[in-house]
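One chain comes next, on its own, written as structure tokens: the form predicted alone.
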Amino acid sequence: MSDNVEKYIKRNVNKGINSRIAQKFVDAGLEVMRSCINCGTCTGGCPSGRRTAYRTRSAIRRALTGDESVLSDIDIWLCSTCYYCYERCPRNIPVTDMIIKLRNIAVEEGYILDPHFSLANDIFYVTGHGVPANGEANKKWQDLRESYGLPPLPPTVHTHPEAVKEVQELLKSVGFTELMENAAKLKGERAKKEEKKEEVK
């Protein structure tokens, strides 16, 4: 190749995937993700992608190349975990599991969305339910259950409130509360840094 042509043609050589995020995928047993050929089948068949800006291939690619901004991107939370991408992937890559792992990494690093954080801390930990079914706001739902011959509340912590403490103990023992505390700390630190940047401007 002549020197003149080389001046205008620049080649980006990817010497392998070596990033902190990609390593977490490998550690979780998702090493098969390295066989991704970036064909776009996951994006092309994604039901969420048809209605939102979510592009599965882009999120996976960013994670594999070490682009840590993917952790703060709201798009990773738009996946409905329907597993359609996995069913269609020509390389049999568990794409949905990778998105779930990406979300887990985001939470570990304090990039959990405020509504998810509130649900985890203020509702799930306190009540033992992701969607509480008791209370006056759920009267129609309870009436509907009764119309089918069911008790107004399911046999969960709503009908066994003493079990809430057991749920909380379980969440503590698996590290859930520690994870949420760490996420809150990291979110707070990040918010302070942003405030300082705004003050400088």
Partner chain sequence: MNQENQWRYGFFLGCVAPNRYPMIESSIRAVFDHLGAELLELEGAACCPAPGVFRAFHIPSWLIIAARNISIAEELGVSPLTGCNGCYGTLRDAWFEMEHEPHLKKMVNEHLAKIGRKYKGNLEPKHVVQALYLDMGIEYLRDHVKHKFKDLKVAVHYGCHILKPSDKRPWDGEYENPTFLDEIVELTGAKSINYQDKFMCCGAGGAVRTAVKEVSADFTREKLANIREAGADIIIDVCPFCHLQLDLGQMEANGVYKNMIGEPFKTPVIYLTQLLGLSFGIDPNKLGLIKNHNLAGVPPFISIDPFMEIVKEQLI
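Everything quoted here is computed from the prediction, not taken from an experiment. The term rigid core refers to the maximal set of C-alpha atoms that superpose within 1.5 Å between the two forms. Residue numbers count along the first chain shown, from 1.
The form predicted in complex with its partner chain exists for this protein as well; it is not shown, and the discussion that follows is about that form.
Site annotation in the predicted bound form: the residue of 157, 70, 64, 30 reaching within 4.5 Å of its partner chain with a heavy atom is 157. In the predicted bound form, residue 97 approaches its partner chain with a heavy atom inside 4.5 Å. When its partner chain is considered in the predicted bound form, residue 91 lies well away from it, no heavy atom lying within 4.5 Å. Taking the partner from elsewhere, residue 52 is found to have a heavy atom lying within 4.5 Å of its partner chain in the predicted bound form. For the chain shown alone, residue 138 is a contact residue for its partner chain in the predicted bound form, at least one non-hydrogen atom being within 4.5 angstroms. Taking a 4.5 Å heavy atom cutoff to its partner chain in the predicted bound form, the contacting residues in 80-109 are 80, 81, 82, 83, 84, 86, 87, 88, 97, 100, 101, 103, 104, 107. With the core held fixed, the Cα of residue 141 is displaced between this form and the one not shown by 2 Å or more. Residue displacement note: residue 153 has its CA displaced by at least 2 Å between this form and the one not shown (rigid core superposed). Core-superposed comparison between this form and the one not shown: the CA of residue 29 exceeds or equals a 2 Å shift.
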